[in-house]
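Consider the single chain below, provided in structure tokens and representing the form predicted on its own.
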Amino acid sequence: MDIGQILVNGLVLGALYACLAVGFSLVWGVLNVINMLHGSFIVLGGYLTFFAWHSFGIHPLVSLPFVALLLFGIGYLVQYLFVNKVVTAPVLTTLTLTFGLDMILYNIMTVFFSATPRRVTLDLGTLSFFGITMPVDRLFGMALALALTGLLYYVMRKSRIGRAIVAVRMDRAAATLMGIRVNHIYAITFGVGALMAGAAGAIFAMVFPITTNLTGMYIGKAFVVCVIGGLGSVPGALVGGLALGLIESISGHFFGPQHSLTVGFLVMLFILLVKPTGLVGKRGYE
């Protein structure tokens, strides 16, 4: 396989990984909560997109905003009603809580949707350029993932809500003294994380088959992206996602696709040893 093909495959996959992980990174960085629900939120977004298209003929681009907003509402309520009760407890407590909620959501989806792999087949053909061939749906998914990640970055940098989230992330006590309702910001942050997970699930459903059996893999990818890129920031998720995509594409070519995940985890462990804050992370933001 030509090196250009390998790199393009990696960049396309990396953009999807960045969109997949950015919500997980945000929740972990701001709330110090390892949200084990994230993988199930991704699958739920994919299933909702598939059934909107398959049962009602609604195009994924039309259903995506509604799916994302629905996931935002679910995430907001989960945080406000459950996680906020223990958000200041040790990390193991919140991890156990979100793990239990994840088991409930996972089993509900398996009962109602089954674990049969499903995909939105748009059949957009392929595109060839400079000897590189790519399915158009993957390029479309890459563009959509980068656009959503960029939009989140803009919101975090320019909006009042985004600045409030950053303020709470940097110093909760100071943010409280400035009149910011911290619990409300926590719930919004968790909702935004769920929104991005739902949007990522919708994009993945247009590119790859999606099933409840993939929830563990998705959250594993999110962990690796956060460690490689840096925790709690959109640029960190983007850099980590692109890096992981390239690592998997290159290692999959040389060692076989069955070993690409192993190589990704080995790189994660190496970065933990030499630069625990990640490639673009800053000390004090872990």
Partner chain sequence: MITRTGLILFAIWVVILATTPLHADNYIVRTAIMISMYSVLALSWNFIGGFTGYPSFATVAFFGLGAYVGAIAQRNGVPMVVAWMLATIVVGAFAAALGSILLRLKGHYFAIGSIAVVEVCRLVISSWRSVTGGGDGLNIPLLRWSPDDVAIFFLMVMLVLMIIVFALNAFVSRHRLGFGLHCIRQNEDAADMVGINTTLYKVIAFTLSALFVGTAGAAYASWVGYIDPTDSFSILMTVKVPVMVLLGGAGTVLGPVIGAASFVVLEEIFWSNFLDWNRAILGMVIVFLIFFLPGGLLRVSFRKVRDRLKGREGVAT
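All values derive from a computational prediction rather than experimental measurement. Residue numbers count along the first chain shown, from 1.
There is another form of this protein, the form predicted in complex with the partner chain, and it is not shown here; the text below is about that form.
K.L.:
With a 4.5 Å heavy atom cut-off, would you call residue 242 a contact of the partner chain in the model of the complex?
P.N.:
Residue 242: no contact with the partner chain in the model of the complex.
K.L.:
May I ask you to check whether residue 259 falls inside a 4.5 Å heavy atom distance of the partner chain in the model of the complex?
P.N.:
Residue 259 belongs to the contact set for the partner chain.
K.L.:
Check residue 34 for me: does it contact the partner chain in the model of the complex (non-hydrogen atoms, 4.5 angstroms)?
P.N.:
Yes - in the model of the complex, heavy atoms of residue 34 and the partner chain come within 4.5 Å of each other.
K.L.:
Even though the partner isn't displayed, in the model of the complex is residue 85 close enough to the partner chain, meaning a heavy atom within 4.5 Å?
P.N.:
Residue 85 belongs to the contact set for the partner chain.
K.L.:
Report whether all of 68, 77 and 246 sit within 4.5 Å of the partner chain in the model of the complex, measuring from non-hydrogen atoms.
P.N.:
Spot residues vs the partner chain: no contact at all.
K.L.:
If you check 97, 214, 142, 206 against the partner chain in the model of the complex, which one has a heavy atom within 4.5 Å?
P.N.:
Filtering the options by heavy-atom distance leaves 97.
K.L.:
Out of 101, 115, 151, 136, which one falls within 4.5 Å of the partner chain in the model of the complex, going by heavy atoms?
P.N.:
Selected residue: 101.
K.L.:
Would you point out which of 123-131, 143-151, 87-95, 194-202 contains residues with a non-hydrogen atom within 4.5 Å of the partner chain in the model of the complex?
P.N.:
Correct option: 87-95.
K.L.:
Of 219-237, which residues get within 4.5 Å of the partner chain in the model of the complex if you count heavy atoms?
P.N.:
Stretch hits, in order: 223, 227, 231.
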